[in-house]
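Only one chain is given next, in structure tokens, and it is the form predicted alone.
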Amino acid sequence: MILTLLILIPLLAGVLSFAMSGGAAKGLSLAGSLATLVVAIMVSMNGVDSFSVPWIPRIGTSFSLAADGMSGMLCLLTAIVLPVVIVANWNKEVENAHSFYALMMLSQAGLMGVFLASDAFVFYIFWELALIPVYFLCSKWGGEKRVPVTFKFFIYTFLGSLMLLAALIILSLQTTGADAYSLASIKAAGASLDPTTQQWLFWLIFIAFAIKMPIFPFHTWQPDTYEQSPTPVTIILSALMVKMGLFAVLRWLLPVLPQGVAYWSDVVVTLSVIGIVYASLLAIVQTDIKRLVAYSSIAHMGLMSAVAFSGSAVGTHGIMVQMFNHGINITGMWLIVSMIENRWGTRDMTKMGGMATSAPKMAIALVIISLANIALPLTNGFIGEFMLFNGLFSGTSPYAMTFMIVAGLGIILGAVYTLNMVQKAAYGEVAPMVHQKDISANEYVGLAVIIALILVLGVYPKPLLDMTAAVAGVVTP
């Protein structure tokens, strides 16, 4: 029953917020997100849990939820990010604030459902429900080009969702039991298909997940959407929603179509490592700091996608660890980007400079988060990235060495564009600030949570490793 609270609390907070004033809705959203965080901590400490009630027996589906180490970890990440975002943006005026915070909470409810669903039909419903609030958030509160950008985002994701739905229906028709859409039935149905069927069915499912991650060449909606979305929405997209795609690959693709995955894995890894280098090179030439961070996210997700298809247990464990750490780091990066834009009135890095002089606390936070983003040892990004490259190198592909060498270029290029951003924003000639203020109290709280997690998990990652070890199939001492 406790698993349902992870969905019900933000759902109720979101629905009630529509009928409140802006200030009351913001307060209720914060309270609801904190309550959800308490429940998520309890779930992550309890380990494996499940909940199931009959729903639509005629088509063989039930409302089934299950939490293991991976889903519990992602629910915990979602529960951490939402209150951090709300607190860090507490002092910002938002038009129609009651609707804004209501949609934020509804997006959290949808995300929780995606990570907990153990029935394919329920998974698909939440997959769509998580998208709908974000669509309205982007189209209502985004930048000047929000309408065409949001339309492109919607078309990409909607087409992918239709392909996913078709694949799930095909798989469910291979079963005759009363639980045709259960994870176990879907796995058995996929494994029963002949190799040729698995090979073409693979693309129906994979493309839907690849769009969400996104990986090359399905990424073109992402930079524009991140650029035009308000920062809280960009954080949800970048820190949480991209994890939906990677989580779905691990939970709903790899174990369901094993022969299709084996046949196409080298192709997917090739696309992923191309995306790492391509996105990194584009990040280097950006002058818009938002687009730079957007392309860096594509590069990070490309590495995790490549390792997912490498066939390595250590690599899979590293993905789970890095999903959490990337979510924390990219949240911190977007918070800093928002603060820079508010203080300097621009996203153009050529017009920035001197943050270390005019806003030293912000500069310190930028440096710490940036170093975590390039996986410096003793930051949380290091252990996961080390495991990812270990997994890519030890994978089953005969091209594993080549894949690792090309993907390794991302480390060098990542350091180039990240340190270049730090140099332009924090050092050099002091650029005039629009708002003469360093970090405010509420921003300090949000960044303190992020930086504490970066440093603690960088020095002592064992709790995160232990939480996800059983799902990855490895044993920790």
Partner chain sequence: MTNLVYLVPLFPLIGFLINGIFWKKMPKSAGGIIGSLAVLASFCVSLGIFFEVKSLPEGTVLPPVELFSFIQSGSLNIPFSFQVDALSSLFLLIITGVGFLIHVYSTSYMHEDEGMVKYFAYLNLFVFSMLLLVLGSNYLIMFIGWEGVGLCSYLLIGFWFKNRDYTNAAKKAFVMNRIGDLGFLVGMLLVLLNFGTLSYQEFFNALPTTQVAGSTYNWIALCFFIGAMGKSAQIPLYTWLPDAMAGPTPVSALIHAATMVTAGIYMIARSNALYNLAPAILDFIAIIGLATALLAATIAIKQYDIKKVLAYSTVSQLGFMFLAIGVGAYTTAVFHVMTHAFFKALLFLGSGSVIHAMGGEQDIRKMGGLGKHMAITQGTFLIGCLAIAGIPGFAGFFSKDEILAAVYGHSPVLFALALAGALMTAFYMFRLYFLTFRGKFRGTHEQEHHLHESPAAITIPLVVLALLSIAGGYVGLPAVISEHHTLATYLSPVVSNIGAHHLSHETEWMLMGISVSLVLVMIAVAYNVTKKASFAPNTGIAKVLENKWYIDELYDAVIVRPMAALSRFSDKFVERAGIDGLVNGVGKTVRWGGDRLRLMQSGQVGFYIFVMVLGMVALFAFSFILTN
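Everything quoted here is computed from the prediction, not taken from an experiment. Positions refer to the first chain, counted from 1.
The same protein also exists as the form predicted together with its partner chain; that form is not shown, yet it is the one meant from here on.
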query: Any non-hydrogen atom of residue 459 within 4.5 angstroms of its partner chain in the predicted bound form; finding: yes
query: Interface membership of residue 47, its partner chain in the predicted bound form, 4.5 Å heavy atom rule; finding: no
query: In the predicted bound form, residue 423 touching its partner chain (heavy atom, 4.5 Å); finding: yes
query: 4.5 angstroms heavy atom contact with its partner chain in the predicted bound form for residue 224; finding: yes
query: Contact stretch among 121-129, 152-160, 250-258, 198-206 - heavy atom within 4.5 Å of its partner chain in the predicted bound form; finding: 152-160
query: In the predicted bound form, the one of 188, 169, 267, 284 near its partner chain [non-hydrogen atom within 4.5 angstroms]; finding: 284
query: Single option in 139, 96, 174, 394 placed near its partner chain in the predicted bound form, where near means a heavy atom within 4.5 Å; finding: 394
query: In the predicted bound form, residues of 350-373 near its partner chain [heavy atom within 4.5 Å]; finding: 356, 357, 360, 364, 371
